[in-house]
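One chain is shown next in structure tokens, namely the form predicted on its own.
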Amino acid sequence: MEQNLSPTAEKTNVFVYLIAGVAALAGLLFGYDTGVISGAVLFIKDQFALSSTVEEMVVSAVLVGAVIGAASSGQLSDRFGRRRVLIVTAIIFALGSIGTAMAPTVAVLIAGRIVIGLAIGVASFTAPLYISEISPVHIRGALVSLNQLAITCGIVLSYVVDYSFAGHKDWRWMFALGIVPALILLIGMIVLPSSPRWLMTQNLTEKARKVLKKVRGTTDVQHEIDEISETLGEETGGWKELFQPWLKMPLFIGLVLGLFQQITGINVVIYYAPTIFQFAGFSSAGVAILATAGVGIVNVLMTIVAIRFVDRIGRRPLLAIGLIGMTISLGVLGFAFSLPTLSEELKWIAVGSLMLYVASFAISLGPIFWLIIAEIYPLKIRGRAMSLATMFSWICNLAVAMTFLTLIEKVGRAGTFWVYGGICIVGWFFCYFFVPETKGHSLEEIEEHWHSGKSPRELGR
């Protein structure tokens, strides 16, 4: 839709970026609390003499909470609004950071990690949902992907914090510093507007109109109001509607894309990167954490590349390129670990292949899964549908995290990475045949496409 921009349009566009940036702080917390365990666990396992099984429990406890959070919050997001849910999420992040930092026993630490997981599970889909519903069509992909950029920045920040406290082995401060972005998110969300599309679901049309005028930089928002009203008139919004025949395909796409985002091994790298570097010959915990920070920086830089191109070349090409890169890098990494001993050169080949893997993920499955599930579901059930896809993704994440060390014991280091590489190949074929190209389409146009009964690949044609 072509809009008549007001003289304040440029300023208003800055406001849109501000909204997306503040909401993306939920992603930063997601990344920080996901990544901080990779360095902290090196010292936690020594202090509490953890077995491999208990170590996996400490690492994976956050994922248990994430599954619960994702499962329970979709209906809350639809009922109370994306903004209010993010405010509560910020409070939970803060409480979880304090609880883990002060944990006197492993059991309390695991409980605190579950609390943080609750917040991560909610934030992981509510932030991109909120951003997608407030963004203009032509930059929606970039703005939603800011959430993924924030996740990668949070991971790097956690690595820097881990390295800073590694010398003193002070894992409690590693957890405690998560309270700072949580408080910033809380303050920011209190002053931001509600999603105009959610306001429409509550019959608050004039409030929605006011928000749209502010974020679009124009007084002419009636066409967008009409589009939203039309789609709302076709839906009733309960769980039953989520499983209607015309929604089977988008539901299937969201679930399977979430599956491949996790079982291709990314969170093995995030949770266990220092451990992998120690496998490769970096004996010092501090050096292993520092090398991991390098991987995190690559993640951030390539996510910026994805943001630049996701609205230009589209979602599908980035998925294809990324999955090919992930397959190649995992194959090389497996080859490096298949050798009896890693020479100095091969050690750096292992590091390079790990960086290529992260770079490939960062331009593809990393941001695009969250973007796609924020785009393909109807408005009235968008929160529920995204929570279901997110919950399934976190279940897969939990399965990978709980089985990584065990898988290494069973099939070896090389075999483990080759398994993940094989899954990447299957994921490439899935994306080629099933994932639609949503670039340039309004959320209402995407919804109408599913109503028409056409195949996913026809959307981008």
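In this text the structure is predicted, and so the values were computed from the model without any measurement. Quick note: we count residues from 1 along the sequence shown, nothing fancier.
What comes next is about the form predicted in complex with a small molecule, which does not appear here.
Comparing 132-140, 363-371, 196-204, 176-184 against the small molecule in the predicted complex, the single stretch with non-hydrogen atoms within 4.5 angstroms of it is 363-371. Using a 4.5 angstroms limit between non-hydrogen atoms, S73 is distant from the small molecule in the predicted complex. The small molecule in the predicted complex is approached by Q262, whose closest heavy atom lies within 4.5 angstroms of it. The closest non-hydrogen atom of T327 lies beyond 4.5 Å of the small molecule in the predicted complex. Looking at N267, you'd find a heavy atom of it within 4.5 angstroms of the small molecule in the predicted complex. In terms of contact with the small molecule in the predicted complex, the residue from S145, T152, T126, T89 that brings a heavy atom within 4.5 Å is T152.
Site annotation in the predicted complex: the residue of T292, S387, N299, T100 reaching within 4.5 Å of the small molecule with a heavy atom is N299.
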